[in-house]
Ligand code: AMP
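So this first bit is one chain, no partners, the form predicted alone, shown in structure tokens.
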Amino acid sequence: MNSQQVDCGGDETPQQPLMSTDKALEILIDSANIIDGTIFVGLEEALNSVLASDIQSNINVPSFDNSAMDGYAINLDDNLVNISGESSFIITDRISAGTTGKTLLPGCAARIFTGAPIPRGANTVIMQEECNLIEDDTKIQIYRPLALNENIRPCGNDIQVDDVILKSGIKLKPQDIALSASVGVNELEIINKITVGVFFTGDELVEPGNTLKGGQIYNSNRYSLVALLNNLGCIVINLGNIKDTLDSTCEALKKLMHDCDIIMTTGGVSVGEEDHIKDAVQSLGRLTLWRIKMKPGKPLAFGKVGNAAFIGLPGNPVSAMVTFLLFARPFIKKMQGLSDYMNYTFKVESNFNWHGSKPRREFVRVRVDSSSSPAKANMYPKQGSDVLSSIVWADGLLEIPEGASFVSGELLNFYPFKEMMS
């Protein structure tokens, strides 16, 4: 990259009114385009990737009738079906998994093991625990009524030829990979991983392991953001901390704008004299939004720089995580080609009162008590955007609409961290 300083001067923009959270999310989702390009990978490398094309089976699973139990396959005469009393059968064969038995004649039985093919002529399987060996182990004797097709898994019982077993747009889980293997697929077409460039502004930031001086803080945002991106399977290019100047911010953007699908930052998106992200992005690209009517996390920026989408998260650690989960996460998941990209919520009851009719939508950190129905949400006592311990204590976010006022028992949307952090 050219390391000379660039002119980052931009026209002053009138202060934008606060945008609603719903409108902001709509803008991000509408702007998210599925990343170009796919690759084929072996099954062992496919975990957590996004499937690019449907998987259709070209075989039946199982491909033959087989035994669901260790026991005896029997050629049962129709006259013996459901007749009480004892029945006996001559043992004429032994069939283990991976072998094919001989045709079974009426009144005969074959010792058979789980998964072994049902021999021609057999029409039911009796568990070994229900059979007694008699006459020097040449016969079996059964003391209960018999029925046809017991313990037989028919051909195609699980999957049939031409069934679509996996749909494109899913994040591949271990069971998906196992299902692919069960129909003979040895590699999967997946969508290329997203590359996200990150850097962090703030001269007060110090890396963990160093000694803090007056006015300095440790940079927790770097590690939360990279961890969240790794959780989503992104490739991360990390420039680390940069100088809190307009020129340094522009240079960082220029290093990333042509090689990344997304650029993400924390800090520098507010309206202070030392907040340079907004001016830098506008000089090299454009901003679509940068202030959201929510708490925590009002200063959220979104736009485009070169080939890359740009998301600027707030500098306060709780605000950075909350805005990532609510906005960046579904944006990234849609870009990855996932069909299910929106955050999941369900209703819980507040176990606290809320007064004041606050003008911004709030996302408070809560812990849910599921011992009652409906579940009740208890609020962490300190809700400041700097209280990172609240994220560790909580198991999700409770959404409180603008202007709301209520007493304990109000039903509200709950965003579980268990789902949002995966």
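Throughout, we count residues from 1 along the sequence that is shown. This is a predicted model, so every value here is computed, not measured.
What follows is about the form predicted in complex with the named molecule, which we do not show.
Not displayed here, the named molecule is approached by Ser220 to within 4.5 Å at the level of heavy atoms in the predicted complex. In the predicted complex, the named molecule sits beyond 4.5 Å of every heavy atom of Asp163.
At a distance threshold of 4.5 angstroms between non-hydrogen atoms, Pro317 is in contact with the named molecule in the predicted complex. Contact check for Thr266: a non-hydrogen atom falls within 4.5 Å of the named molecule in the predicted complex. In the predicted complex, every residue of the candidate spot (Thr201, Leu205 and Asp275) has a heavy atom lying within 4.5 Å of the named molecule. Considering the named molecule in the predicted complex, the lone stretch of 185-193, 210-218, 328-336, 106-114 in range is 210-218 [heavy atom distance within 4.5 Å].
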